[in-house]
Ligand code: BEZ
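There is one chain below, alone, in structure tokens, taken in the form predicted on its own.
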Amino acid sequence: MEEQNRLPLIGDVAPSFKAVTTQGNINFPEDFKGKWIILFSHPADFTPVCTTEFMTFASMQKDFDDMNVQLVGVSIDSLYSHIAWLRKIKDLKWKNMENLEVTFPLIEDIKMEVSKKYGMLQPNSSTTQAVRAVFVIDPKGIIQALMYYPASAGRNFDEIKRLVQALQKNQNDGVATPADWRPGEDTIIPTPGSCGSAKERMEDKAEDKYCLDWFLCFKREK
């Protein structure tokens, strides 16, 4: 029976590995310590959905740089296939995106070592292609979020960006974010842990916060 690797989960230390990429050799995640990391897989080079995804990621590169986020891609293709595909992407135009150069590393994973470590190979989908996995890893190398998509569905990159912003807000300010939260909108204050704290919260008239009930209180961000 083929060995099944345990899927890394939220709160786990990101599994480490060494790999060859389009930007040289990397030691992951140690080489990116101090940065947030988005590690994402795609099924194959020269495929249509993947091409639109890479064009979108490349068009958002400055946004992620400004957020201290390192992008790292991976698929079960050779380095030379990666290079040829990324060169071709630069020639394409779609949704006003053109002349895009992918400067983040794309991992060669012919032996499927990375894909297996991160549960990107899912046999009922394909034994030769990774699904569209996304791992968000914090500057200490801890997995903070993961998402999986089938090969047929392109990812929402605005949501991936929003998710990282929400995670960063939580780590920086100790608050949670409500449904559909965007930067600049009000955040959620952690739930009180005692009856006394709940009573104090409801009686607190501070201008920078408000409560809908004892368990749902917001911090004003503007």
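These numbers come from a predicted model, not from an experiment. Residues carry their position along the shown sequence, with the first being 1.
This protein has a second form, the form predicted in complex with benzoic acid, left out of what is shown; the following refers to that one.
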Exercise for review: May I ask you to state whether residue 163 is within 4.5 Å of benzoic acid in the predicted complex, using heavy atom distances?
Suggested key: no
Point to revise | Residue contact check: residue 47 to benzoic acid in the predicted complex, 4.5 Å heavy atom | key: yes
Exercise for review: Mark residue 144 yes when one of its heavy atoms lies within 4.5 Å of a heavy atom of benzoic acid in the predicted complex, and no otherwise.
Suggested key: no
Point to revise | Any non-hydrogen atom of residue 43 within 4.5 angstroms of benzoic acid in the predicted complex | key: yes
Check your understanding: Can all three of 129, 132 and 151 be found with a heavy atom no more than 4.5 Å from benzoic acid in the predicted complex?
Key -> yes
Study note, to complete from the structure: Answer among 47-55, 180-188, 165-173, 23-31 for heavy atoms within 4.5 Å of benzoic acid in the predicted complex: the stretch 47-55
